[in-house]
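Form predicted alone, single chain, as structure tokens, below.
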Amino acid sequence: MTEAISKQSSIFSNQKPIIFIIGLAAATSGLLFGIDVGIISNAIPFIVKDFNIGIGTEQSIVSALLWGAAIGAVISGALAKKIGRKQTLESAALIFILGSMCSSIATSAGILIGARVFLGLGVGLASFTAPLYLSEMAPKEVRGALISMYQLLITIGIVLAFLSDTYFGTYAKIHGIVGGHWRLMLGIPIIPAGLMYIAVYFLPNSPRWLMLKNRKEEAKQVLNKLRKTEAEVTSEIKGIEKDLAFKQSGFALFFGNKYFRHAVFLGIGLQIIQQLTGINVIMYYAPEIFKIAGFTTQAQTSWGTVIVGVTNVLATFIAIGLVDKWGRKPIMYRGFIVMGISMLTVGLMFRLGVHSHHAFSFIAIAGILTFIIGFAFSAGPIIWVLCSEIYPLHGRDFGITVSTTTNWVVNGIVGATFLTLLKVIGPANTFFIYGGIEVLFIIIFVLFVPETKGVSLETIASNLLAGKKLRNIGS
């Protein structure tokens, strides 16, 4: 692994520094995504007390962001195609600012729900546009790493949300503040959202979007800033022109070309796989298992959550370091194995009686943290990488819209049903099912998923539309 990371560092050093500046600026939308998703978990108990609401309204406040994100994902493709990837990211930043502001000053649960639906629109736009923009800006040699930066910023955002909530929650408890400073918790994202808007404002437009809009000279100017040689720019422009020669797009391409349909269905399948790895079950059970292990106070539980978040952040660096050296599929195979073994371990601890022996609870914690490592270096970032690579330019907005929307819809379905699954078959069997399903995912990857490491987006598109099998379009 050390040798692989060393070679990957060599790949990074051969790129212009501006590539990574652009990558970090665009990926800041992931930071806002992570903050807004993570911040509600510790704020909600104080909101419940302040507004004196029941469990139904509480669930609506939590899920409102997800429904808004699904709507944002649906409209993001058309918006990114019409006004551009950069401008859509700017719109997401403005929504983050306004949504956070409205959430923090909400005077009723209904207003808060509406504000969080609106905030979710920004999350949906960002989750679509950032990976798309990064894939179209990055050189093929570091495309996987740059897209993975988006996932890294999401994990950092979640940790910052946990730390922010822990601070304000503890401060409120010490000073006897009934509302728990939840308004400050929900208002904090205004600051990074403002910084995101400023950063994105100075980004160049995607050269592929510029070519899509017949602005070839502008596209060349952007590529000249991003690529090291004129030959690279010329080759890339020719590839994009060849891709654009295929005139169908959107629904017309979907219904008119079976090979494009295959790619869309693959994107849907990849996002379903990401959600069915069991990440939601793990995140749901983590606080309970920490409590069983002796982390019983609110502060201890909060710091246990921070440990989970930091593990998530650190493991994502593995993907950034190795995705363009090892490739997407080898990393995913390792991730499925790690996640499967971890799930089975946690399930076994529940079967033996995680409450009955202190050692079992600590083994369960180890299983949870190991699962998070496996998810963070594989399914977390790599699914987004693949879904941004497998479509031709004319169908990219449509394809990523469908796959991103799938992610949010399946996320909601899993969140709404796994508690019932836990009740009907018990936690041990639930973990066993999620552990066993990782084997199915390995088979699916072997049979259908292409290896796209080091291959240009235009070559992938050409292979797809030429009728190559899905698993071979990265050849």
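Numbers follow the displayed sequence, beginning with 1. Because the structure is predicted, anything quoted here is derived from the model rather than measured.
This next part talks about the form predicted in complex with a small molecule, which is not shown.
Colleague: Considering the small molecule in the predicted complex, find the one stretch among 146-154, 102-110, 231-239, 359-367 with heavy atoms no farther than 4.5 Å from it.
Modeller: Of the options given, it is 146-154.
Colleague: Taking the small molecule in the predicted complex as the reference, which of 275, 164, 311, 249 has a non-hydrogen atom within 4.5 Å?
Modeller: None of the others qualify; the residue that does is 275.
Colleague: Considering 391, 377, 384, 336, which brings a non-hydrogen atom within 4.5 Å of the small molecule in the predicted complex?
Modeller: Of the candidates 391, 377, 384, 336, 384 is the one lying within 4.5 Å of the small molecule in the predicted complex.
Colleague: Would residue 422 show up as a contact with the small molecule in the predicted complex if we use heavy atoms at 4.5 Å?
Modeller: Residue 422: no contact with the small molecule in the predicted complex.
Colleague: Do residue 318 and the small molecule share at least one heavy atom pair within 4.5 Å in the predicted complex?
Modeller: It does not: once the small molecule is placed as it appears in the predicted complex, residue 318 has no heavy atom within 4.5 Å of it.
Colleague: In the predicted complex, does residue 407 have a heavy atom within 4.5 Å of the small molecule?
Modeller: Residue 407 belongs to the contact set for the small molecule.
Colleague: Test of understanding: in the predicted complex, would residue 279 fall inside 4.5 Å of the small molecule by heavy atoms?
Modeller: Heavy-atom contact with the small molecule at 4.5 Å: present for residue 279.
Colleague: If the criterion is a non-hydrogen atom within 4.5 angstroms, does every one of 33, 37 and 158 touch the small molecule in the predicted complex?
Modeller: Yes.
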